[in-house]
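What follows is one chain in structure tokens, specifically the form predicted alone.
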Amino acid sequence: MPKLRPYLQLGGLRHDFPIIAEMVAPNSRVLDIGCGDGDLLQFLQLERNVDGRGLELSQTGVNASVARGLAVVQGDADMDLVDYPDGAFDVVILSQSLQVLHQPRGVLEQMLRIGQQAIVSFPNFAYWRVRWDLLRRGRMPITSDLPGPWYDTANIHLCTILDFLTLCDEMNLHIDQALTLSRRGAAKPIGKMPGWANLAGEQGVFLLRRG
């Protein structure tokens, strides 16, 4: 994991934040989709000095972000990205939100229309602990990345690392970086063994651009 400055050594820091920050060039124009209360956006401002904007569905998240001085508006990624002009951002980020979208492929297309690059992170449903929990209990798994019961979750399009690689291929997207994160946040390149990464990685993190 990249070394953080002392004031960012926070116990609640999500594992993918420093990995995402390493993918973002300093002073970039960034749009964070599904930014919640603005944790990642603020992190990127402090670490990479980005010109950051956020799009968040919940009014609670928007209010919390604005209270922190962040430029965040309320909107639905499935419908509202069409309102952004082509090439408006250097990087568009979708962090841990791919699985809650109604139209994930359409959102990816919009992300790479309005941004030069896109960063996507998501929980890997093929992670070995998920497979083992499903095999052992015969019920929908509950993990640190998938914490809610099936009847009380926003997740509607769970996918695996192999599923996402296939989608990128179908969309003719170029993958600049492809990483897995372990349960403890250790990052490893997916490399030439995606099947093993699909088993061992709790999260997938991808840096994309148009092919």
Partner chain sequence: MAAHITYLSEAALQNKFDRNLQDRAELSFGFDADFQVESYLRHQGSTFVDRFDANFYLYITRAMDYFDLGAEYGGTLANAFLETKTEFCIVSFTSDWLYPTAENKAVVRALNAAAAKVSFVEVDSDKGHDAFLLDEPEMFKTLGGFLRAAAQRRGLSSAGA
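Here the structure is a predicted model, which is why all the values come from computation and not from measurement. Residue numbers count along the first chain shown, from 1.
Another form exists, predicted in complex with its partner chain; not displayed. Remarks below refer to it.
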Note: exactly one of 158, 181, 146, 70 sits with a heavy atom within 4.5 Å of its partner chain in the model of the complex, namely 70
All three of 172, 177 and 209 touching its partner chain in the model of the complex at 4.5 Å, heavy atom to heavy atom? no
To test your reading of this chain, name the stretch in 91-99, 126-134, 71-79, 105-113 whose heavy atoms come within 4.5 Å of its partner chain in the model of the complex. 71-79
May I ask you to check whether residue 53 falls inside a 4.5 Å heavy atom distance of its partner chain in the model of the complex? yes
Does its partner chain come within 4.5 Å of any heavy atom of residue 138 in the model of the complex? no
Would you check, heavy atoms only and a 4.5 Å threshold, whether residue 186 touches its partner chain in the model of the complex? no
Is residue 168 one of the residues lying within 4.5 Å of its partner chain in the model of the complex, judged by heavy atom distances? no
Taking its partner chain in the model of the complex, which residues along 20-34 bring a heavy atom to within 4.5 Å of it? 29
